[in-house]
Structures are given as structure tokens and as C-alpha cells.
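Next up is one chain by itself, shown in C-alpha cells, the form predicted on its own.
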């Protein structure tokens, strides 16, 4: 297992470097953002551009960029949005908002999604199962920003239960901030709940029809006892890795939602950096989302081995 983890991490690092190189070259082929005249920060940025080899071949520039990142965690300075400020500092200041919004979203989605999936599986081929399955397919097929607009219209405008936009500030643990985050949390939760419902129902239905469940019933266990002791445990082999992967992967799906609700997070920063042609900022956030996406896949694969010993033992062959 240790060897497998190391191999996957090395492969992830190589993939991130390749994707970053492609983004870097494409960005540098575009004209850099125009700098204001007669500004003290302009000379600083021009000096940094000179040090980063803006007048040298692209691969030399990329080598300088990697050296600065790995040796000093220096991603450069903002050219436009936060003129002259360190890119890494800006990114780290925006990260907590994204983490909190997505953390609350996944904590809401886990019990609801698994609960709906269990109910649909136990009531299989009834109107309850058909209703839950139909709603699940509708929600999965609908983009998350549609739910954002519906929540804003009905809950914020018509009923006045929540503000239209998330409150400014960094007090993410306060009640007022939490209430302002609820529209964002709900918008992100719909698709996650639907995914958990579909996964739980599919796995539990398969387990309930397995031969070992019939054997458990013939040994005297009631349906409820056999379901709790055997079916749920086998079902969790698939559901738990999905939870871990969703927790990481959901961060990459909140770009548009953060923009709609004015969340001061990484998603809005990413979109603004593209609009403003702030390429150092855009490059760092691109690397972040690339790492998040790749890490989600690794976490899912590795978690299978820890949850199911048969998979872990099979990896040693």
C-alpha cells in the first residue's frame, strides 16, 4: 500500500507539472497586463518580470518559475487585481471562505444523501423509490447555478429568509455569517445529496439481493438485523470513499456559485483573475484546482484499500 501511495503521489506531481507547464506557456504567449505609469509598484513588477526571464524562452521562464515555487514558495506578485501584492498571500487569505462553505455543504449532504438512498433501497420498486430516484436524476441533470438562482428568488427575495449575498468579513464561525452562507451551502448541496442518494441506493440494492444476505436470514436474523449488521457495512465500502472524494472534489465545483453569492473565496478570485488578465494569480489558482482534482481521485483509490482489507491484500500481489 505504501509503495502504491508513493507511486500515485509521484504521478500526481508529474501531472501537475505538465498541466502547469501548458498553462504557463499559453499564458506567457499572451501580452501581459498593462502596468500603470509613474507608480512605485510598477518598477517593482517590471524588475520582477525581468528576474523571472520575461525576455527569455518560455521553457527557461518556466524553469525559473518552478525554482521560485519549490525553493521559496514564490508565485510572483499580482499584476492587476491586487497590484504589487504577493500572490500566495492573496490566495491564502481567500482560501478559508471556500473551505468553510464547502465544509458546511458536505456536512449537510452526507446524512441527507445517505438517508434518502437507504429509504429508496429499502422501499425498492415502490412509489417512494420511484419518487426519490426521479428527483435524484432531475437534480443531477440540473446545473448548480440554476439552484442558486431559484434559492435567491424564493428564499431571499420572496420569503426574505436569507440575504442575497454572503456577508463580508472573516468571522466564519459567527451565526450571522453562517446564515448568510446558507444559500451558498444549499446551492452546492443539491447535486452532492443526489450523488450520495444514487450511490447509496445502487450499492444497498445490490447488497440486499446478495447470497450472503439470504444466508444471514436463514440463520435467524430479522430483515432489520441483517440489513444493519451486513448490508450497511458492505455498502459503506463504496459510499465512504465517495464521501472522501466528494469532500475534496466539491471545492472545484464552487466557482460559479461563489461568484453568484459574492463569496470572498478562491472561486471568485479565479474568475476575476481571468477577466483582469492577472496571470500570476490565475496560474496559482489553476494549480490549486488541478491539485484538488487529482487529489480527489487519489484519496478515493487509497481509501478503498483501508476500508476493504481484500483490496489492500490484493495490492501486495
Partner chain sequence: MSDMKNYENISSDMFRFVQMDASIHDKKLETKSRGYFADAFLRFKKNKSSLVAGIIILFLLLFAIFSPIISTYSVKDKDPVYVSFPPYVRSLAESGWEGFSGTTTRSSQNENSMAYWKAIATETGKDPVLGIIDSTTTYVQYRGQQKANISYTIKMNRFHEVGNLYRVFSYETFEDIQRWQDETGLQVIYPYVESKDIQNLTDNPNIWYKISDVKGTPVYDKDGNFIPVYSRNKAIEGAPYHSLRIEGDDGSYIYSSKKSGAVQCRVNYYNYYTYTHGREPMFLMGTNSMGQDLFSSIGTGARFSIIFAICVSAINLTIGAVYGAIQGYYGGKIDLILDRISDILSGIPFIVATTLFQLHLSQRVGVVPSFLFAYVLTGWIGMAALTRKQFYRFKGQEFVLAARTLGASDWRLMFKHIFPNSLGTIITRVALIIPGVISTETQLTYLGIINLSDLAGTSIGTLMSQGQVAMTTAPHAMFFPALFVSLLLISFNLFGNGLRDAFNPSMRGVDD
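Everything numeric here is computed off the predicted structure, so don't read it as measured data. Positions refer to the first chain, counted from 1.
Omitted here: the form predicted in complex with its partner chain. The next part is about that form.
Within this chain, residue 164 lines the site of its partner chain in the model of the complex, having a heavy atom no more than 4.5 Å away. Proximity of residue 259 to its partner chain in the model of the complex falls within the 4.5 Å heavy atom cutoff. Remark: residue 145 counts among the residues lining its partner chain in the model of the complex, judged by a heavy atom distance of 4.5 Å or less. Put simply, residue 94 is far from its partner chain in the model of the complex: not one heavy atom of it is within 4.5 Å. Checking 141, 170, 209, 218 against its partner chain in the model of the complex, a heavy atom within 4.5 Å turns up for just one residue: 141. Note on the interface: of 231-239, 81-89, 182-190, 197-205, the segment with non-hydrogen atoms within 4.5 angstroms of its partner chain in the model of the complex is 197-205. Within 4.5 Å of its partner chain in the model of the complex, a heavy atom is found for every one of 19, 27 and 153.
Scanning 268-301 for heavy atoms within 4.5 Å of its partner chain in the model of the complex gives 270, 271, 274, 277, 279, 282, 286, 289, 290, 294 in sequence order.
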